[in-house]
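Take a look at this one chain, the form predicted on its own, written out in structure tokens.
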Amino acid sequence: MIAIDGPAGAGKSTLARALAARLGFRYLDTGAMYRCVALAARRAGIDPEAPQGPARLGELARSAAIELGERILLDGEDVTAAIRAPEVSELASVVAAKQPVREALVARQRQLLDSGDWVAEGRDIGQAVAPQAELKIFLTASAQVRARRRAEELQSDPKQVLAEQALRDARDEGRAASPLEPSADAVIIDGSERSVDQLVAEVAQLARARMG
């Protein structure tokens, strides 16, 4: 088990996907699960801040049929592109801070990870989902680099992305349920100036050392 955590835009998904391919492991994108819940909530008109909002979100997180892979399916519909829309990304950050959602999805993630070799990435893999992981990586990068990457991906204004990113970082780091922070035993890697190939090579070497 390799757990990769870190802030938005650090490159976790790119690293985790490439690393899993290099090692022949399965890949789990936990962020896609939160995005699916956010999309379902948006479509259902659920206000996360309403009195019953968190409970309704938790029920969605337990009942939604989410299939992960090259394409992301939500209740049988291909939502691979839809869950990457900026408004869904923003809502996912809000939804992920709700305790009933985290409890439901962490339980589902643990069930998925119960057997086999995995590279799992998200915000709380090493802390809450898989504290038993043999290798924990906390991947970070400067705020400017993360915003630039995200802006290029979305073809958006870097300054606007930077401002939105600051709000999301504050929300992720300050939430009561599994706040974003490195595990005590995590290897912290700054990917600001490193290529994907360099990062994959470094983490693969660490993984092979842990595997003996």
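The structure displayed is predicted, hence computed values, not measured ones. One-based numbering along the sequence shown.
The protein also exists as the form predicted together with a small molecule; that form is not presented, and the subsequent description refers to it.
Under a 4.5 angstroms non-hydrogen atom cutoff, the small molecule in the predicted complex lacks Val119 among its neighbouring residues.
A residue is said to contact a partner when one of its heavy atoms sits within 4.5 Å of a partner heavy atom; Arg175 meets this definition for the small molecule in the predicted complex. At a distance threshold of 4.5 angstroms between non-hydrogen atoms, Ser93 is in contact with the small molecule in the predicted complex. Interface membership of Arg150, defined by any non-hydrogen atom within 4.5 Å of the small molecule in the predicted complex, is confirmed. Heavy atoms within 4.5 Å of the small molecule in the predicted complex map, among the stretches 27 to 35, 51 to 59, 159 to 167, 182 to 190, onto 27 to 35 alone.
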